[in-house]
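Following this are structure 1 and structure 2, which are two forms of one protein chain, each written alone as structure tokens.
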Structure 1
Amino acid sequence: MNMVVCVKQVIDPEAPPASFKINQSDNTVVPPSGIPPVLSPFDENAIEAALQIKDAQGGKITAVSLGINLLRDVVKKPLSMGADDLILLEDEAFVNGDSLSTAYALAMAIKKIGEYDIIFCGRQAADWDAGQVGSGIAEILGLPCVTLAKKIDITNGKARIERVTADGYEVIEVSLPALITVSNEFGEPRYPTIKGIMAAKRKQPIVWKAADIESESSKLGATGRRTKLLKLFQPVREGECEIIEGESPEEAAVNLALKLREAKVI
């Protein structure tokens, strides 16, 4: 089973909201100081999904990441978790795109990788939260796509996937090759082992520039954008919180109930 997992380096979504700052002059997010970036958590779910298949029936996992200023400690995490290879699309030409131009570059890179049975993506990246790149890659490569997977079984060249819905899940069977996006309901990703971390340290990622993949430059990165970002801003939090106090926690609780009743909230 040949598998490709697309992963993205993002600003740590668990960073305290107070550390989140925007540079109004160019509509960009200022990386919070002292808080290193991480792999988008849903992408770690996607790596875990691939690793479970590799554990069960063997196979090869290639992780692909697109961006610039990629910290090796961050983007090597798939390797330390158990992936076999890492390809970085690290070129100015690839960045500042929208979902479509990003999906295009990833799809062309996957085409160059050549052999794949399953391509995995996280359900959405924890920065722009769009959740489009997986569908985009599938569309460009002409593959079926199942989104929001929480369980995956492979039998007889087909994948049986539990897809998260609003009130439960649906079970979908898909022929391979296919693209699958993985949701957090899949379960916690594994921690890298010491052995894995050592192996990842020794392994050098393969870096591809725009010239290394067969692509039309007009479709890449900022040039390939179909959407225009007019404004990035932080929503204003309104109102004050009235803190209800008491001599003891129990008294504060009673005072809260009385207050809510008085204000006709309950």
Structure 2
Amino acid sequence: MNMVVCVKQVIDPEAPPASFKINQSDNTVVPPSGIPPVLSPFDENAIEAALQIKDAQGGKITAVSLGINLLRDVVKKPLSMGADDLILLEDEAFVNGDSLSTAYALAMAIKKIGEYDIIFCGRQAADWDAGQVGSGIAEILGLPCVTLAKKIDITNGKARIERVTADGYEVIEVSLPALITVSNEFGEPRYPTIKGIMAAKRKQPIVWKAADIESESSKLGATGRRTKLLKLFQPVREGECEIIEGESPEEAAVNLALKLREAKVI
């Protein structure tokens, strides 16, 4: 079973909101000072899904990540968890892309890898939360795509997938090869072992430039964008607090009820 997992380095979603800054001149996020990036948590769920299949049936897992200035300690996490290889798409040509141009670059890299039974992605990236890249890769490669998987069973060249829905889940069976996006309902990803961390430190990733994946430059990065970001801003949350008093707890309760009725809450 040959599996490819797409992963992304993101700003730590657990960073304090006050640490985020917006560069209004070019609509970009300024990375918070002193807070290192992390692997997108949803992508860790995707790695775990691949690892469980490898544990049960054997096979090979290749992690692929796109970006520039990728921190090796961050993007090597799939290796420390148990992935076999890591391919980094590092080139200025990939900068400032949108979901489509990112999906195109990843699809071309996966096509270069060649043999694969399943491509895994997280349900969405933990920074932009668009959830479009996985489906885009499947479309470009002409593969069936199942999103929001919470459970995956592989039997006789087919994947039986429990897919999260608004009111529960549905069961879908798809022939391989296919692309599956994995939801956080899949379960907690495993922690890297000391042995895995040491092995990951010794293993060097494969680095591909735009020319290495035989891509069309007009479809990469900012040149390949099909969306325009009009405004990026931090939402302002304001609230008002009114203390309801009374001579006794009972009177305060009555005053509160009257206030809530006045506000048409009850």
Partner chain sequence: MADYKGVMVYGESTDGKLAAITTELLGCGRKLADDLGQELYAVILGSDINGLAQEAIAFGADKVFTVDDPLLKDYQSDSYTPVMEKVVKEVMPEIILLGQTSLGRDLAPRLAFRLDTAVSMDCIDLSIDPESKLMLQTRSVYGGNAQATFTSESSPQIATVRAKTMSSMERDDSRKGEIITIEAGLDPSAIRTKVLEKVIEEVEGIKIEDAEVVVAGGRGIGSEEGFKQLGELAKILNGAVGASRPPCDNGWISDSSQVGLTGKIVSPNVYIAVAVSGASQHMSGCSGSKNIIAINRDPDANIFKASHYGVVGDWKKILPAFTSKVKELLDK
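Bear in mind the structure is a predicted one, so any value in this text is a computation, not a measurement. Only the largest set of C-alpha atoms that superpose within 1.5 Å between the two forms is called the rigid core. Counting starts at 1 with the first residue of structure 1 and goes up one by one along its sequence.
Exercise. Where's the form predicted alone, in 1 or in 2?
Worked result: Answer 2, the form predicted alone.
Problem set entry | Core-aligned C-alpha movement of residue 13 between structure 1 and structure 2 reaching 2 Å | Shift of 2 Å or more: no.
For this session: Could the core-superposed CA displacement of residue 244 between structure 1 and structure 2 be given in angstrom, to one decimal?
Result: Residue shift at the C-alpha: 8.8 Å.
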